[in-house]
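Let's start with one chain on its own, the form predicted alone, as structure tokens.
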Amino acid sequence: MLRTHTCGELNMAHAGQNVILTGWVQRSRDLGGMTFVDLRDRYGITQLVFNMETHAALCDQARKLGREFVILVEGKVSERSNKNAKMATGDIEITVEKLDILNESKTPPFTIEDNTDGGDELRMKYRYLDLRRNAVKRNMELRHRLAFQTRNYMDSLNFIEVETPVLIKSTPEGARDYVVPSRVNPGEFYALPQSPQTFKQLLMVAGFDRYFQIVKCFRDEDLRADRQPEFTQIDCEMSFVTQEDIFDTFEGLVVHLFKTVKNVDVVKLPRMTWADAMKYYGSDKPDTRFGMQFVELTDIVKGKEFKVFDDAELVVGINAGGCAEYTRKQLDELTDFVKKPQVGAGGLIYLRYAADGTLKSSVDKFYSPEELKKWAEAFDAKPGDLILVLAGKANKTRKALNDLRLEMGSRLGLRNPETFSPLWVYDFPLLEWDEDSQRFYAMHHPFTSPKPEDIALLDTDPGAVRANAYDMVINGVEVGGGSIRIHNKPLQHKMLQLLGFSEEDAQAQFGFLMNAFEFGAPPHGGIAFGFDRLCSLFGGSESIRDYIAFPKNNAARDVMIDSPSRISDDQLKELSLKVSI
């Protein structure tokens, strides 16, 4: 190594020692007789001192150092006269006796500081500079620790990490595939995997009864803060297990990660059925850091000549505790919020339960004080509370009220990113009906097993069948999802029929899996965690881009390397492709 120490490890125990440090110039300060330079590497910052009286030539050389110059210095560790308690090396400095400039640097397009002056797109273009910032570096270190501790935990339970293929077969289910043309098979294409689903099931058939993989997956879908074209999963599968075994094993993984990475103690995860999640939160990924569970008022409020309620399929609300003193302006803001197109409600009804016990609503002309009191009793409201009510079609209204609940949670400071509330959501519907295509789609994927007691309903009422499926949710974010799988050919064949696959399509796309089931497939199930989402959750950020070394932007472009890009005509010819745009 060129250096004897890093820029983050020296302290008073090293005083008097001669050391060699390497790194980047963070900043410099010329005070006439002395020049101070902060030297940075991955591990921290150390202050260098150049003294004009003892080393005039060195001091002149130091004054010419620019930001981000790469240098090597030799010198002696000394005690600082003005200590900096905010720095790990703040008790010492290096009195420099030798300086080598290893490489000069152009002035960076933004400051390499925690609070940088660079915008998102500029920092993505120069991501290699952005990665030098402490804030981004800490995100990468967090990602490393999560991966390391995941592997430790899985290895301790005899899981084996197996790499599965990246060039696979395209299937029409789920999101769009990224496809790769084959040069040696003209006119044919590989797909990049959306998940290793079928391969991990085949590993169970092969007898690898405990598999995991921290694996890259790819989906060609519209982007948002928690999506990228390529993302990482903790992919897991087990043989000879029930749903309860999956819960115990991977609840243990999450408890282990919180303890070893965040030093947070997580108790046993509560469980909630999908039906209850939708009824009380309007979401299959409820944020349970705070209350405000839904209360249905449909039977209480109908028949009072208030058309909005009388015509509604569902009337439902939340109790915003302590908000009775909201001003008219604040209530108007909430009304405008629920009317946003992305929320979709037609309006907002409210009931104030004043501190003096009086009840005042926005529909007083239709409801007497005694009737409003029944509202308050339904919500178990107390003086000082504010009841917010929406009405309309059931599914649309629950979705809108979920958005309003989350908005109120944020306004009231109830969604602290350092508070963690994980839970299991289970018993999802196996299938969902799509009106446009007039067919069923798998809620999870085509390989999810129905609940054993519901299998008979596949012939009579497929929409009522519950899946042997489960999600892990933390703070309103789905971080993991999985199921007990179908492991016999007849049931898998029936499932594909329900999803509209012809015999030919089923055989062409999934014949290899169904054929494998004829060779002694064990009962099996698993789960996949969104690794990038876990990282952002542990780091307290809403964007997974902050935890990916080289992410894409919202247009799915890598602006640093300018990708995707055109390829040459010769390459197109070699691949038997023509492109005309």
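Note that the structure is predicted; figures quoted are calculated from it, not measured. Just count from 1 along the sequence shown to find any residue number. Each form is matched to the other, and the largest set of C-alpha atoms that superpose within 1.5 Å is called the rigid core.
One more form of this protein should be noted, the form predicted in complex with a further copy of the same chain, which is absent from this view; the next part is about it.
Participant: Hey, of 104-112, 392-400, 436-444, 456-464, which bit sits against a further copy of the same chain in the model of the complex at 4.5 Å between non-hydrogen atoms?
Facilitator: Flagged stretch: 104-112.
Participant: Is there a heavy atom of residue 557 lying 4.5 Å or less from a heavy atom of a further copy of the same chain in the model of the complex?
Facilitator: Residue 557 belongs to the contact set for a further copy of the same chain.
Participant: In the model of the complex, does residue 481 have a heavy atom within 4.5 Å of a further copy of the same chain?
Facilitator: No - in the model of the complex, heavy atoms of residue 481 and a further copy of the same chain never come within 4.5 Å of each other.
Participant: Is residue 159 a contact residue for a further copy of the same chain in the model of the complex, using a 4.5 Å heavy atom cut-off?
Facilitator: Close contact exists here: in the model of the complex, residue 159 approaches a further copy of the same chain to within 4.5 Å, heavy atoms only.
Participant: Hey, in the model of the complex, does residue 38 get a heavy atom within 4.5 angstroms of a further copy of the same chain?
Facilitator: No, residue 38 stays farther than 4.5 Å from a further copy of the same chain in the model of the complex.
Participant: Tell me, out of 88, 491, 166, 122, which residue has a non-hydrogen atom within 4.5 angstroms of a further copy of the same chain in the model of the complex.
Facilitator: Exactly one listed residue reaches within 4.5 Å, namely 166.
Participant: Considering non-hydrogen atoms and a 4.5 Å limit, which listed residue (502, 152, 298, 368) is close to a further copy of the same chain in the model of the complex?
Facilitator: If I apply the 4.5 Å criterion carefully, the residue I get is 152.
Participant: Relative to a further copy of the same chain in the model of the complex, which residues of 139-153 have a heavy atom no more than 4.5 Å away?
Facilitator: Contacting residues: 140, 141, 143, 144, 145, 148, 151, 152.
Participant: Answer yes if the Cα of residue 9 shifts by 2 angstroms or more between the shown form and the other one on a rigid-core superposition, and no otherwise.
Facilitator: False for residue 9: its C-alpha shift is below 2 Å.
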